[in-house]
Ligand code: T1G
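A single chain comes next, written as structure tokens; it is the form predicted on its own.
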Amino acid sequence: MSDTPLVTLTRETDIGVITVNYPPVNALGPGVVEGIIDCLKQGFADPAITAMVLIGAGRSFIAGADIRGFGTGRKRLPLGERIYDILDASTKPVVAAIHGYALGGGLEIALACNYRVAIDSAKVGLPEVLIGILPGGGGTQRLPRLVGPQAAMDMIVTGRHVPAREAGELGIVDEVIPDTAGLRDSAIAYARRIAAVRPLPRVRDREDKLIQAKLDPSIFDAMRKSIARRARNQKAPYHCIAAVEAACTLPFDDGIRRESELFRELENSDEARALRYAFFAEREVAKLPDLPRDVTAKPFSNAAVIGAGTMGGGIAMSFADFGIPVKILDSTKEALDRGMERIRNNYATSVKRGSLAEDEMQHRLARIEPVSGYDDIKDADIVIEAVFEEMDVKKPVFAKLDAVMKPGALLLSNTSALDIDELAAMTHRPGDVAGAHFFSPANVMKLLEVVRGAKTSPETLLSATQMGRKIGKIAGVAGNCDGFLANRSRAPFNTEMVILLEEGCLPEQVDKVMVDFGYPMGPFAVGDLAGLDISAAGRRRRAAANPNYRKLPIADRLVELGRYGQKTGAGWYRYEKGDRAPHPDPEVAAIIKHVSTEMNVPRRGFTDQEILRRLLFSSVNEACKILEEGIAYRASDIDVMWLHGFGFPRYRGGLMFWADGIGVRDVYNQIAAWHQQYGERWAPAALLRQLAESDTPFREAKPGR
């Protein structure tokens, strides 16, 4: 352990500088708050110090609380002894000097200081809602006093990070300093300018911005209504609104007590535990436990994409969005022109919405270079094949890449299911080949599934995952099998949802259950969005490879009738021209009943719970098979894939975390019962049986290799 103090006080003539040094991001870990308090007290007692600056060493000011401490029963200091109370009682001005991030408890400390300065690149925020809690250090009481209750709710309920310039315009920051000016010296100069100002300004004493709530008390109910759809089944967003409302209706100290009450209600809730789990699972997925310690990733500064379709264009945008030049190639000039036009239109839509500046759009477009031949990409560090999802189309591409690409280049396939080893066999460098399964739309979805082939080198695997992180993705690793980790674990869900129709359900009933559970869209509506012809092609491929593959006659009948989904105006639902809203279709109901009759399947009613568990338990069972085969490193990796690939509700933690909440024995018993009732597709995985017999949670499952 380092002997370097976590917090130090130094003196620059008449200004005391308190420096927090708790790498990597100055989280409020054990001893940090106590260290700041000790230094504040020393500064107050030193007659030579007229003002103080609070600053962070390294990358950030203070990036928030140590999340590992939440829900552990840690002792909280009583009101009057907290750092915020010490700052409120300050006899000398304290200036928070912000760089990097001031988030959560870090921003709350800054709000309790008398002044705040920040460099241009800094960001501030109160993101506690994203882990199922609310700001518990006065943030819900001080922020409304600085920016008004509406702006405070917008920040706290979304948890968004606010750039320094906007923070200055809102009134959170008193002065924004150019990045080149030197934060420490600028903050000391600022502290010297305001050292004699009295009375000391305290955010807690401000009331002027709260008048907004007195003039229009309906803003709180309006906010509740505005978040009703996206915040369904969750407590934290509503508690955040209630806390801000308390800031506007109660004296400051009473508002602080109300904030603490609301915080305690959330800290150990199921929602908060699930969101904390998801937070750590996203960090755990980056760890590749079986790589040699001395492996290093290959550097890259440019990329190339083969295929200018929807996926290829989205992948190219993913690189361009993060400042990486990328070349894009297609088989014909017409296809390439269409692809570039699609990219331009996507960026133009972002500009129209206000989420992207016009000049930034031009910078990103300039990084995407359409080229006409393989020789034009031969010097790329990384090339991603994104052509049609057919092995016979992809194989020749890899043969050409092998012939032209420079030694050591990464050769990656954006396949969602096909055998990486077959593609690698088309080259003389299988160690450089891996899967890079982007999810659609590639420039929006954060998940990247990196697929390890039998001969994929450790350097390639590490390089591909680091590439994903450099372009803003959450990159998880899967072994090579049909569907890999994500789509293979989802496949039983997709089968079961259609079988439910054979037995008596309708698409709108199944979709309602899943939306009520927390999905943004039901699975049948998602199918229509993706295209039913796409899923049908996957079924045909699997049926050709496996004579025992379970056919889905209802889904096949719709495709035979040309009902491909939104793109044809009809799929599982009917769509009006220019309207993407799904409308239940009596024709589909008739088809379902007719096919069920042909199959001699009796129809019956279903409860919502049975529908939910039939769908999700089928995938939990498959996930156990994936773990026992060593396709996934950890159960939590499966959860990350479901959270970011399939819209699983984040506040439920993920598929396996949710199943742990039911209990491994109950899950096993139900699957075993359905095995007896429905046959082999419900045969329990060997790992599931072992976990049930030993009463071991899914999260502790040890994968095979």
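Throughout, we count residues from 1 along the sequence that is shown. These numbers were taken from a predicted model, which means no experiment stands behind them.
Below: the form predicted together with the named molecule, not depicted.
- For the chain shown alone, Val33 is not a contact residue for the named molecule in the model of the complex, no non-hydrogen atom being within 4.5 angstroms.
- Contact between Glu108 and the named molecule in the model of the complex is found at the 4.5 Å heavy atom cutoff.
- Remark: Arg59 counts among the residues lining the named molecule in the model of the complex, judged by a heavy atom distance of 4.5 Å or less.
- A residue is said to contact a partner when one of its heavy atoms sits within 4.5 Å of a partner heavy atom; Arg165 fails this definition for the named molecule in the model of the complex, lying far away.
- Just one listed stretch, out of 98-106, 543-551, 378-386, 586-594, contacts the named molecule in the model of the complex at the 4.5 Å heavy atom level, and that stretch is 98-106.
- Contact with the named molecule in the model of the complex, judged by any heavy atom within 4.5 Å, is made by just one of Phe70, Tyr668, Trp674, Trp658: Phe70.
- Contact with the named molecule in the model of the complex, defined as a heavy atom within 4.5 Å, holds for exactly one of Lys446, Arg469, Arg184, Arg230, namely Arg469.
- Residues of 112-138 lying near the named molecule in the model of the complex, listed in sequence order, are Pro127, Glu128, Ile131, Ile133, Leu134, Pro135, Gly136, Gly137, the criterion being any heavy atom within 4.5 Å.
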